[in-house]
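Below you'll find only one chain, the form predicted alone, shown as structure tokens.
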Amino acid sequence: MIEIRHLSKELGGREVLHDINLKLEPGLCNLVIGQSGSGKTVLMKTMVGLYEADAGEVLFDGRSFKRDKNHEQLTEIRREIGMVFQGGALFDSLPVLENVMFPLDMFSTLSRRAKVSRAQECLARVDLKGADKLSTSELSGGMRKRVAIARAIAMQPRYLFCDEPNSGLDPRTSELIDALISEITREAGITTVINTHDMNSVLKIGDTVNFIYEGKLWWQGNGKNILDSDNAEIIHFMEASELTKRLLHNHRNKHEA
């Protein structure tokens, strides 16, 4: 479990996050949603240590992830974190296998043979068996995201962070990526945190949904009850998507009939 306690963060003299309190449970897809500029990306970056909080703290199964804490503890937590970046962040100079092996090279003491075996296992898990020698230029957008997921799970993380994993993908591929992340989360009991603006993801895999508005935790629920919310800001957010706007309209008509 990841617990956020009274987290606040300023950037450029502006308070981007204000007194965030949040619990993110293992074995679930914990989604963080919000409009551009709401603070959700800053929240994720603060959680993984790219930013340091001005107040409050982030606890990983009770362990504080603050720079002034025990160095060995910080290193231990970092090794337990997997990250899927928005654009994949693959190394274009390396073939697929070497991309997946990168965290193993950085943080493990496994033999070369064991690293290759683990990387191939992860590629098979994301349905890319046999793609070891492909260059990144040969990958489609969906394949790039799957390689990024394979790399993120290579160290068998306890915590998985995904920043807009469906960005730039067609609807069908987005569904496949959502399903893959959800399956991996449940299989390994990972605490998965997903930043997204994709309402399809919210409705389909949103075990918990946390809506950030102007730097504050504004609404909490899940993909099943979000359409029932009467919160004005969350309704406005949902109506930005034509698909969700229609779903919301049909849902209300059904319950009013």
Partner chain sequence: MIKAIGEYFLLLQRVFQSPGNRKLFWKQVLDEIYHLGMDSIPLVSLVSVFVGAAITIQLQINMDSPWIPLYSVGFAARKAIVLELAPTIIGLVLAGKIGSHIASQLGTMRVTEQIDAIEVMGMNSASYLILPKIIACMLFNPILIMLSIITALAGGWAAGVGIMHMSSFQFIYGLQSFPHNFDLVYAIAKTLVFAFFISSISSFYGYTVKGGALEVGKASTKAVVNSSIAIILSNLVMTQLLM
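These figures come from a predicted structure and were not determined experimentally. Residue numbers count along the first chain shown, from 1.
Omitted from view is the form predicted in complex with the partner chain, to which the following refers.
Q: Only one of 76-84, 182-190, 168-176, 123-131 has heavy atoms within 4.5 Å of the partner chain in the predicted bound form; I'd like to know which.
A: Single hit among the candidates: 76-84.
Q: With the partner left out of view, is V116 within 4.5 angstroms of the partner chain in the predicted bound form by any non-hydrogen atom?
A: Close contact is absent here: in the predicted bound form, V116 is far from the partner chain, nothing within 4.5 Å, heavy atoms only.
Q: Flag R146 as yes or no: does it have a non-hydrogen atom within 4.5 angstroms of any non-hydrogen atom of the partner chain in the predicted bound form?
A: Contact with the partner chain, no.
Q: Is there any non-hydrogen atom of A232 lying within 4.5 Å of the partner chain in the predicted bound form?
A: Contact with the partner chain, no.
Q: For V48, is any heavy atom within 4.5 Å of the partner chain in the predicted bound form, or not?
A: V48 belongs to the contact set for the partner chain.
Q: Is it true that V16, D19 and K40 each have at least one non-hydrogen atom within 4.5 Å of the partner chain in the predicted bound form?
A: None of them does, since no heavy atom lies within 4.5 Å of the partner.
Q: Since the partner is left out here, which residues of 104-135 would have a heavy atom within 4.5 Å of the partner chain in the predicted bound form?
A: The stretch 104-135, when checked against the partner chain in the predicted bound form, contributes D105, M106, F107 at the 4.5 Å heavy-atom cut-off.
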